[in-house]
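Have a look below at one chain only, the form predicted alone, in structure tokens format.
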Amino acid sequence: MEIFQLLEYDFFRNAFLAAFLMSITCGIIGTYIVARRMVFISGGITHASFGGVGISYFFGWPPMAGAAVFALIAAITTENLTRKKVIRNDSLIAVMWSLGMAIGIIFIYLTPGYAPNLMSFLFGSIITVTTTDLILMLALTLVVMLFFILFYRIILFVSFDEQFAKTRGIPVMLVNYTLIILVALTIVLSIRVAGIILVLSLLTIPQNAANLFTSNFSRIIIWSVILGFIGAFSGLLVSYYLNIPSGATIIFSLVTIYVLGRAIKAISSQRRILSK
């Protein structure tokens, strides 16, 4: 009953809706990231976005807008240079990662007046989600869902066998660039929830937990959404009652779910062996 009373508060209701929308978007996009083994590329995009936050503070622009621009530039550049093999993947990720953080820190400390509190950007603060954030998250969720529903088989082909996809006449480059843009936007809009440091966990932990019990792409998506929401909502409640950072608590909840999943998997495997 007390949970329903909490939903009467605007900040908690916004946080609840943000957790719900984020679980859908990250569940879908994260499954693609894990399937393509793009986890560290996504990490590079995430940290590169901090450069946009710093520049936005310096010029007085909305920080999330700057983060989005930097994330998109990083995503497209990474995809382009990786395909042309101009630089090794790991080296490129390291450059993007460190350059974005360096630019962000430099411009924040060049900003006149007091340096802004960066905790919400680095570690997330879901209770600070605004109505505008929710509208943007809803728009992205609808776009991601529609794109994956309409082009599910194409995405599946591109994710697991690009050469086969090309032989079927699928515009692989267009699909890849569209997906990397969706990855970048998902990362930026999830920063409010988990922060730049922890956002990658939202895109990987639920998917790996789901993958313990199924290898089917669509089922991983569904279970990633469910587990992501359970972890986000339980983390939100714990952070509220204990008055601790929400982003870290949500990630801790997701890791707990993953550990429980591994334990259940191990126990069921052991029972299967003993029953033979």
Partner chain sequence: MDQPLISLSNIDAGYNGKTALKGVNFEIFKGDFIGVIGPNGGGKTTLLRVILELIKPSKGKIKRYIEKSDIGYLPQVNQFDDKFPITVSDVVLSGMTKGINLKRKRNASAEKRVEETLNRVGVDALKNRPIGELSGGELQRTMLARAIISVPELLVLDEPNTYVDNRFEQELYRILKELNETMAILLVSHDVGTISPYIKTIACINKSLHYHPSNEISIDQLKVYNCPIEMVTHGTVPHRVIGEHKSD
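Numbering follows the first chain given and starts at 1. On a predicted model such as this, the values are computed, not experimentally measured, just so you know.
Omitted here: the form predicted in complex with its partner chain. The next part is about that form.
Comment: its partner chain is not present in this chain, but in the model of the complex one of 64, 220, 41, 251 has a heavy atom within 4.5 Å of it, namely 220.
Its partner chain in the model of the complex is not approached by residue 78, whose heavy atoms all lie more than 4.5 angstroms from it. Residue contact with its partner chain in the model of the complex: residue 150 places a heavy atom within 4.5 Å of it. Heavy atoms of residue 88 never reach within 4.5 Å of its partner chain in the model of the complex, leaving it off the interface. Interface membership of residue 157, defined by any non-hydrogen atom within 4.5 Å of its partner chain in the model of the complex, is confirmed. Stretch-level contact check against its partner chain in the model of the complex with heavy atoms at 4.5 Å: of 198 to 206, 89 to 97, 170 to 178, 128 to 136, the positive one is 170 to 178.
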